[in-house]
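Here you get one chain, nothing else, as structure tokens; it is the form predicted alone.
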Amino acid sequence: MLSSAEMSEARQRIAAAYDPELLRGAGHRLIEQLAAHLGDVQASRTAVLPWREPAANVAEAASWLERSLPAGADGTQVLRHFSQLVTLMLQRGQNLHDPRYVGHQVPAPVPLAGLFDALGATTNQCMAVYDMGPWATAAEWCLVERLGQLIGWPRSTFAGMATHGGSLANLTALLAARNVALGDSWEQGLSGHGRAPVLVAHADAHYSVGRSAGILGLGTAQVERVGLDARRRMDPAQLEDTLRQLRGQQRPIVAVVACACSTSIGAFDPLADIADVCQRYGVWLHVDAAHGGSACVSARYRPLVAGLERADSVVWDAHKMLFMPALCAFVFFRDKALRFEAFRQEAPYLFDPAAPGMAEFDSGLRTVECTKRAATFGLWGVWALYGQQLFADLVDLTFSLGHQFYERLQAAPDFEPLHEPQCNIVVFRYVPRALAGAPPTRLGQFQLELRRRIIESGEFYLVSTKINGIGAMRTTIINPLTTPEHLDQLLDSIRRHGAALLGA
């Protein structure tokens, strides 16, 4: 046990760390540094990715743990050291707000969203039960209502919740589908269900779908991949053939997983036709709309997700095309009666039996997480500030830029677009004259090596993928500050680094 003197000293150190005036000073410094940093980044005055080998960054991060201030440091010293740490973090991080960032499906978020998120983080508004995060719950509830209606469901007929990412949202939805399709599987497991149950999925479905099959006890080998059409969308005719064969084999079908849109090239499945097939076979339809669900906010692009309202469950990530900081994802159930199907448990130490009506608002009953961050503060705050139009503008602009980039690729004799984009995801190959007629494997390897050179240069950040097993470059135009001029610069950068690579 601490002595009185030790306890007094500990309290003094703790009080200094919790001093609201210290927070005020640090907050002013943080905002000034962030604003200056974003100014430089948005003007492309820094590298997009300040590349360093992982070991170098780990070693530097570790060294700062040994440079913490001595006990009893005064406020001025703390603020100075705080500013140094902020500078270091900004210097070493990925710069998503640079218009030359055209990489993963991670946006340059609306900056003010981060400040709303900071409110939840600083005051630790966590969720599981309503009375631990009353406003976090309120914000989430009203957004679930608004987004569900945008999907196309009548108010109060559906259910949904926020969760920590699309992978967890897919898992939650598919767990509910499993429990509905396989009756007592939550309580009894899968051993009593005869032939191995199967999950039917888009051939290019996100890897979290296969991962979910493993976690749910179905097994990754029981994911039946449905063939694609010429645009790499799920083919409803092949889906029908697959379901017919599975029924003939008396295989239990947990769900069909469609994409809106696929991660690989941004292909939107023909959801209405797929829904027709699922309805004929009485199968749960789950739509992974993590990226493309935001087409619902746009009058121009809403037709891409026609039929989404017929899905039994939907995943929609706000930390993709609603331009929110990670993580803020939603999972929805079209039938409100199924909202508790994923988890059939009791936790009397957590949920209050004296207020059974609160169960509707206790998110822990419906999510994997017990403690859950206030994930929707950023989205709620930005929506309350700017309304839906800002989100429509963000979708319209970036989707349009995707097609403009495709047109540039088409017009360039040394580039090969691999599909006509439906959104802001564009996959292509650079085919310089020196590689004309090269074997596909050589050409694919060249794309991967070229992409690595470009990102390490700091000029642009884009990613790679494989189409039919052959390497390609992939862009997601997910910074609304990107312009057609930046896309022209990207092509020039690819050509320049490509020439250097071929000459090496």
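It should be emphasised that the depicted structure is a prediction, and the values quoted were computed from it without experimental measurement. Note that residue numbering begins at 1 and tracks the sequence as displayed.
Not on display, but discussed next: the form predicted together with a further copy of the same chain.
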| query | finding |
| --- | --- |
| 4.5 Å heavy atom contact with a further copy of the same chain in the model of the complex for all of His164, Thr371 and Leu385 | yes |
| Heavy atom of Thr242 within 4.5 Å of a further copy of the same chain in the model of the complex | no |
| Distance check, Thr482 to a further copy of the same chain in the model of the complex, heavy atom within 4.5 Å | yes |
| a further copy of the same chain contact in the model of the complex: Gly189, any heavy atom under 4.5 Å | yes |
| Contact of Arg442 with a further copy of the same chain in the model of the complex (heavy atom, 4.5 Å) | no |
| Segment assignment from 409-417, 268-276, 214-222, 306-314: heavy atom within 4.5 Å of a further copy of the same chain in the model of the complex | 214-222 |
| Contact residue in the model of the complex, from Ala237, Ala203, Val180, Cys126 (heavy atom within 4.5 Å of a further copy of the same chain) | Cys126 |
| Residues from 81-95 in contact with a further copy of the same chain (non-hydrogen atom within 4.5 Å) in the model of the complex | His81, Phe82, Leu85, Val86, Leu88, Met89, Leu90, Arg92, Gly93, Gln94 |
